[in-house]
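The chain that follows stands alone, in the form predicted on its own, written as structure tokens.
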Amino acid sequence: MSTAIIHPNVSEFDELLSGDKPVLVDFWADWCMPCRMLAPIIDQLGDKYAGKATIAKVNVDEQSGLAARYRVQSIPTVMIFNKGELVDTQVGLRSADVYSRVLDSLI
């Protein structure tokens, strides 16, 4: 597990989005098998983008308010924000390249 990944609560999440770095957020749950399959990819992105982008994981069972706010209906859902604005959403299991392309375009 990457130490570069953060696990924000609702109040920390708003502060996170107001930063100057792109933010990738993985909405997931323990019981979700595709989420478990995505976890090593998110860890890899955490290491690759340390200092350049913020990588966060939000457990939808623990932070249901955040999941509801962003209308997360299926997991895994990965959202990428830049300067507080949602710029990309990917639902389901994707390769690291899909997320890297978006992050690289924002850095």
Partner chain sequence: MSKRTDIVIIGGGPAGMSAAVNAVARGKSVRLLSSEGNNLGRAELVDNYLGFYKLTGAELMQKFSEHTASLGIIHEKGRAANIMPLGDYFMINFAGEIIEAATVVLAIGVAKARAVPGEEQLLGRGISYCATCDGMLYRGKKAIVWGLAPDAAEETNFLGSIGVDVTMVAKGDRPAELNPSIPFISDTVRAVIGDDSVKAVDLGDNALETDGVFILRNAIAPTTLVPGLETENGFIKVNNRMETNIPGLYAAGDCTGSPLQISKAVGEGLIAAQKAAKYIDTTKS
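Residue numbers count along the first chain shown, from 1. Just so it is clear, the model here is predicted, and its values are computed rather than measured.
Keep in mind that the form predicted together with its partner chain is missing from the display, and what follows is about it.
Student: Pick from Val60, Ile80, Ala56, Leu45: which has a non-hydrogen atom within 4.5 Å of its partner chain in the model of the complex?
Tutor: The option sitting close enough to the partner is Val60.
Student: Using the partner position in the model of the complex, report whether Pro34 sits within 4.5 Å of its partner chain, counting heavy atoms only.
Tutor: It does: once its partner chain is placed as it appears in the model of the complex, Pro34 has a heavy atom within 4.5 Å of it.
Student: Please check if Leu66 has a heavy atom lying within 4.5 Å of any heavy atom of its partner chain in the model of the complex.
Tutor: Residue-level check for Leu66: no, no contact with its partner chain.
Student: Report whether the minimum heavy atom distance between Val91 and its partner chain in the model of the complex is within 4.5 Å.
Tutor: The answer is yes: Val91 has a heavy atom within 4.5 Å of its partner chain.
Student: Contact between Tyr70 and its partner chain in the model of the complex at 4.5 Å, heavy atoms?
Tutor: Within the cut-off, so yes.
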